[in-house]
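Heads up, the chain below is alone and in the form predicted alone; it's given as structure tokens.
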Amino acid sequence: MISKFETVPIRTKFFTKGTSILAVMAGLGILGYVYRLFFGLEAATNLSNAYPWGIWKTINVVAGVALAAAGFTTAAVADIFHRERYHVLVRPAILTAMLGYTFAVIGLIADLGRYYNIWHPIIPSMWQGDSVLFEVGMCVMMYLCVLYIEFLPTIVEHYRDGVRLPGLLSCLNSLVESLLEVCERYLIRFISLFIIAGVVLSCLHQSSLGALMLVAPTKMHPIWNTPMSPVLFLFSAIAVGFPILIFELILISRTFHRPPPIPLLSNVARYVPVLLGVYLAVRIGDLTLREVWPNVMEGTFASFAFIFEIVVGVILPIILLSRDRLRQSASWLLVGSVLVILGVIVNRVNVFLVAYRPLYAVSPYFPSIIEITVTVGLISIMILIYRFFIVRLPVLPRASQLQSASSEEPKPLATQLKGE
């Protein structure tokens, strides 16, 4: 992604008390991951024939992919709809998406019974076109390649003065410099094509993930057993794209003692109630047309889980982020963003775990300690790598440029949505 702003590394030490705690959790997660690879799913998880998927697929893969939507939403707004002031947000958004999808694949490897066959979709003769996961696998594989290509300009910019790899790796300096020169001269010229491809691929597999549970209609709770599930998954992923970016940038500002670009983030946050409102309207219409409101009011755990998902993850953020005064506060922006993120995670958990009711379950599913450890460990590693990138690579604009972008007078929201 070509930056229209001067991006710089954040010069600070990498290890702090917080990163040390994350490193410990990451180490425990790696141990659990290795244990699973050597001893299998049965020894490491509480999965069974009745519950073939658990938190690894639900949180690491399905929820993780949704929370990585900041990449395609920000790229679409900044580069396709030409909102120039949002270019300051593109590189951190692409980094978020790249790491999110990378660790979704790593989480998927742990979840697969025969993880050593994950490379099969690369070979056309091994394609399984009848599989409900085929389209998801192909799109995720291609989009992950697109994300790494979109992140290449950051690498090229960092090594523009020459590649100086340490130790024995120094023999590769000339080769890496040649490759980066080729990327800068040829590949980056066509970056707009990759941006468009990334948006298309994201829309395809975000919606396809919502179609996964449609293959088991007799085992799904009526609230979530809807043919509108692909549309709902896509809309919720689009709606959470900006909140995850707002969440990250406010935390980065507080962690590295940088002034948060409140006017810019406030302007971005104005889109969120609109997107959530569309999602809520579709959800209410779907429940009404399928006549499942009695299931919502039945007083079971599933109905309470759905009410929590809608009230906390949709209605409250709409109320909070619709008020100009609250959007001018970093704390309220953070609260509103966290609620949207929580709502999407709860939705994925509801669809894949709460709504799923196997016909012959001997006992309910609850994740094992290794499942929890691996999930927390992967999240910790992702945060550490994110910190490493923003400390070492030119990902974030200078604080003064963020403030400069923030100080631009935004157009009315209706005008922005019309593209005028």
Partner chain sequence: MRKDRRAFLKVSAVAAGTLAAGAAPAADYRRVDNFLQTYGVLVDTVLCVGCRKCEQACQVANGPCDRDPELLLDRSVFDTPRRPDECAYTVVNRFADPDSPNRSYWIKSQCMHCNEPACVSACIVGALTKDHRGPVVYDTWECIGCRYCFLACPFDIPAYEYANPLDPQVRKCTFCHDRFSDRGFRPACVKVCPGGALTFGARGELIDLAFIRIKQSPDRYIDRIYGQHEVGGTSWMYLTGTDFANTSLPEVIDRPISDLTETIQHGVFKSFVPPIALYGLLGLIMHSLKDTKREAGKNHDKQV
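Residue numbers count along the first chain shown, from 1. Nothing here was measured: the structure is a model prediction, and the numbers come from that model.
Separately, the form predicted in complex with its partner chain exists; it is not shown, and the next lines address it.
The partner is absent here; in the model of the complex, the one residue of L232, L320, V199, L334 having a heavy atom within 4.5 Å of its partner chain is V199. Only one of L112, I307, V349, I262 lies close to its partner chain in the model of the complex, with a heavy atom inside 4.5 Å, and it is L112. Using a 4.5 angstroms threshold between heavy atoms, D324 stays clear of its partner chain in the model of the complex. Proximity of S329 to its partner chain in the model of the complex: non-hydrogen atoms within 4.5 Å are absent; the residue sits far from the partner. Although the partner is absent here, R290 sits close enough that one of its heavy atoms falls within 4.5 Å of its partner chain in the model of the complex. Remark: S368 does not count among the residues lining its partner chain in the model of the complex, judged by a heavy atom distance of 4.5 Å or less. The stretch among 308-316, 165-173, 191-199, 338-346 whose residues place heavy atoms within 4.5 Å of its partner chain in the model of the complex is 191-199. Although its partner chain is not shown here, in the model of the complex the stretch 130-160 places heavy atoms of D130, S131, V132, L133, F134, E135 within 4.5 Å of it, in sequence order.
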